[in-house]
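What follows is a single chain, given as C-alpha cells, in the form predicted on its own.
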C-alpha cells in the first residue's frame, strides 16, 4: 500500500490540528520543546484509526479527530520522557528533546503535552457522557502505558522473561494506544457498548502484531529505512519475543555464544550479524513473523462488525500495512 497516497490528506489534517493544539503556549522555549517531535512528522496511525472507526459507524471522523490528536499528544509525551530515562541523544535522525532543550525542559514539555491531551477532550463537540467516557479511556490508557514501561525496565535486570510476560508488557506499552484509538472512535461515534468493546479488541490485537513486527524489523530492515542501527535490540539486551523464543530452544555453544553477544553495547556489526544468524538458525525470527501475521489476521476478522464501506476497507488496508511496512 502507498501509505502517503491513501492517507496523505488525513495526515495533513492531523498534522495541522496537532500543531495548532500547541500554538497557544505562550513561553517560546516550552512551546518549541513541545512541538519538536510533532513537527518532525509521522504516520499518525492512532488518529487515523480513530477517524476511520468513527467514519465507519456514523461518518463522524471529523468530530472524533480531537480524541485522535489527544492520543498523538500522549504518544509524544511518552517519547519525550522515555528518551530522558534512556538517555538517548537522537530519535529518528533528529536530536531528542532533552538533548536539544535540556532535561528539565523536556520533563516540562512532556507534562504539558499530557495536560493538553485532556484539554482537547474537554473541548470536543460531544455530549457529557461521551466526553466522560473518552476521558476515562485516556486516563486508563496512560496508567497502563506506565505499567508497560516499568515492566520493560524491569525485564532489563531479570535473567529470564516468558513469552506471556512479554506479550503482557507490549499490550500495555504499545497496544494500549491502538486499543484506545479504535474504542475512542467508536465512543465518539455513539456506538453501542458491544461494538466499542470489539473495537478495543481490534486495536489491542493489531497493536500486538505491530510491535512484534517492529521487533522483526530491528533485525531485518534496511538501516536507512529503519532510522536506527539494525540490531539495536541485541546491543541493548532487549528481551523481545524473538529472543525469548530463541532462548527456549538454544543449546550448548550456540546458547552460550548468543548470551555473550546479547546486551553487549559495543558489539561490532559482525558480532550483531553473528547474533542474528543464531536467531535465524533457531527459527525464532520466522516464528515471530508468523505470530504477527496471525494477530493481524485476527484483527481483520474483528472489523467484520463494522458496516461495509470505504472507511472499513481503509481500516483493513491499514491493518495489513502493520506487517508490510519496512520502517
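Positions refer to the first chain, counted from 1. These figures come from a predicted structure and were not determined experimentally.
Unshown form predicted together with a further copy of the same chain; subsequent notes refer to it.
Looking at residue 303, you'd find every heavy atom of it more than 4.5 angstroms from a further copy of the same chain in the predicted bound form. Of the heavy atoms in residue 125, none are within 4.5 Å of a further copy of the same chain in the predicted bound form.
Contact check for residue 81: a heavy atom falls within 4.5 Å of a further copy of the same chain in the predicted bound form. Although the partner is absent from this view, residue 310 stays clear of a further copy of the same chain in the predicted bound form, with no non-hydrogen atom inside 4.5 angstroms. Not one of 75, 95 and 166 places a heavy atom within 4.5 Å of a further copy of the same chain in the predicted bound form. The candidate stretches are 236-244, 132-140, 192-200, 209-217, and the one lying within 4.5 Å of a further copy of the same chain in the predicted bound form by heavy atoms is 132-140. The single contact residue among 221, 250, 108, 170, judged by any heavy atom lying within 4.5 Å of a further copy of the same chain in the predicted bound form, is 108.
Contact residues in stretch 149-176 (any heavy atom within 4.5 Å of a further copy of the same chain, taken in the predicted bound form) are 149, 150, 151, 153, 154, 168, 172.
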